[in-house]
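Take a look at this one chain, the form predicted on its own, written out in structure tokens.
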Amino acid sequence: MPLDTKDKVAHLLRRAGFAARPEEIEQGVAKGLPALVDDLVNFEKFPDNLGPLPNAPAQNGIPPNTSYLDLTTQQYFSVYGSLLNDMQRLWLNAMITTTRPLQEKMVLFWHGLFATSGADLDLRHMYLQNEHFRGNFDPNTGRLGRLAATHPFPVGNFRNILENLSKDIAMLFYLDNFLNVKLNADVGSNENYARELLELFSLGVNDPITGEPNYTEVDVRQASRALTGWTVLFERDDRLIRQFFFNSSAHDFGPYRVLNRSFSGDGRQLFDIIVNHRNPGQQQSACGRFLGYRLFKFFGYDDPEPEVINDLADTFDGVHGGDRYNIRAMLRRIFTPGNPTSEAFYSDKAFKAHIKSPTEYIVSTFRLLRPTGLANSQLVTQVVLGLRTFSGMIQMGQYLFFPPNVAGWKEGLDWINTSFNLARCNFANTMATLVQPAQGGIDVHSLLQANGLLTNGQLAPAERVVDFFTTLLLQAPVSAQTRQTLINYMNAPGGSTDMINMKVRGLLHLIMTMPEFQLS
């Protein structure tokens, strides 16, 4: 059965962001789907409320008001735990409170596609990369801050995204390209990054429709030559390295031959060749198909049809008009009604069928129930990550800044197994039962009062309480049997007269553990 407008708005808000509150759905319906899409993809017109990274704690000889980025190596290691905590809290808070949900969703997407890990890197490089993916860091200058609209991340020109990625400090260290120097006419001295650039970041090993190989081993080796001398600007003292450097003396100027194209120079033409590459007999670019598959898999469903992949690849190639290689145009194609890709996005197959990642599960909980005291507390990372409760994001299988390997986090059913599901159930219990003011948990009293469910200390009938919380948390009706089961729970005798802290919080726990709440 086709989705109605309300369902489409809720679906869009959940996928392009992290959650859909009832008032946001009502506003979206009043605005209309095309206008809502326009607001989401043109997020720059809304102020960014992302906060700065706090300064390092004044300890171990570190002067007050010193930025983590200005610490010596020894000082950095002395406050490693504080920095990690601050970085996690900053990113979580960005996703929980952002006025630009699609921007933050794309930051999460790029961290999964262009994976590097804090396990192998200076955490400050991970922080700079996080800002880079948000469009707030320039590796050419090492400068942080709101940058020009031409910055390719997070939704700009993919050819330029690949060039910027190849200059990203965390990536240069993670895949060793900072060591890659001229060797011979066959290969550079280190081919790690060139391999992943083709395999994981731009083309994929095989075409997602035909399965034919997208590149050869020779292409990898020749690409590594083109990227020789792409390194970092080493500092003479102990300051943090934060700037890309093109070392012409270590660079192989070619000629090289990659993807059946010969070229010479500083290596930048490699990215033009990658985004334009077509396999024999294929109308769409291989890069367009790869990105079409990855983007729709992230926002739509796991196994997009060839028609969807090709339609997005055509958008990437500029067939539908507009700039080529433009990520924003591809996102607009997915979300705007009236084309084959958006028909798939707003289909029954996609609706409430995406398994939330641990990040989506937790951020949606915060955006729906608004435990603002906890969100603003230093405790948030301990509770959310599971460092204190052992039932948080880490136990669910996702640790921000620490993907398992260069292939990034897996999606879909990989988020569900007995251990991960138990962690979700335990997290739901932790969140629902944080009742002490100092803990900053969910303010159930205020929530009930604001919605007319608690008057003069009298709780509304169970039916109304159940309907309110299922609508808030699930945005879709539950089955009659499930509704009655929840009502029966509310009406069953309990061991306490404190209905709110026992029954209502118990109801929250039950809903958050239902299969429906695991889906977006």
Partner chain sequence: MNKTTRREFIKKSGFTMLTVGLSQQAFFRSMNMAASGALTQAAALSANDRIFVVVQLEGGNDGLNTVVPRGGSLRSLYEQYRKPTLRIPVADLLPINNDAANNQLGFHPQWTHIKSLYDQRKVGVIQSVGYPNPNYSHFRSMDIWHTANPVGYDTTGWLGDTLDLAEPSNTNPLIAAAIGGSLPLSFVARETTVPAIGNIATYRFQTDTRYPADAQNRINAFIALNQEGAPLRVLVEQIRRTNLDAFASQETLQAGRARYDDGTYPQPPPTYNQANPLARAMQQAAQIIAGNLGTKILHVMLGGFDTHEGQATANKPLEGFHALLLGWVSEAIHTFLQDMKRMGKDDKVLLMTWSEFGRKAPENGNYGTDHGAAAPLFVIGNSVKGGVFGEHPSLRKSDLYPDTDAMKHTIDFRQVYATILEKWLAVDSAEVLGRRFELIPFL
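Residue numbers count along the first chain shown, from 1. A quick note: this is a predicted structure, and the numbers were derived from the prediction, not measured.
This protein has a second form, the form predicted together with the partner chain, left out of what is shown; the following refers to that one.
Taken together, the three residues N405, F420 and K503 all come within 4.5 Å of the partner chain in the predicted bound form, as judged by their closest heavy atom. Residue heavy atoms within 4.5 Å of the partner chain in the predicted bound form occur in exactly one stretch of 136 to 144, 188 to 196, 68 to 76, 290 to 298, and that stretch is 188 to 196. Interface residue among C425, A119, V319, L233 relative to the partner chain in the predicted bound form, by the heavy atom within 4.5 Å criterion: C425. Put simply, of N60, T485, Q27, N42 only one has a heavy atom within 4.5 Å of the partner chain in the predicted bound form, and it is T485.
The partner chain is not shown here, but in the predicted bound form it comes within 4.5 Å of a heavy atom of T433. Within 4.5 Å of any heavy atom of the partner chain in the predicted bound form lies no heavy atom of R14. Not displayed here, the partner chain is approached by E217 to within 4.5 Å at the level of heavy atoms in the predicted bound form. Interface membership of D303, defined by any non-hydrogen atom within 4.5 Å of the partner chain in the predicted bound form, is confirmed.
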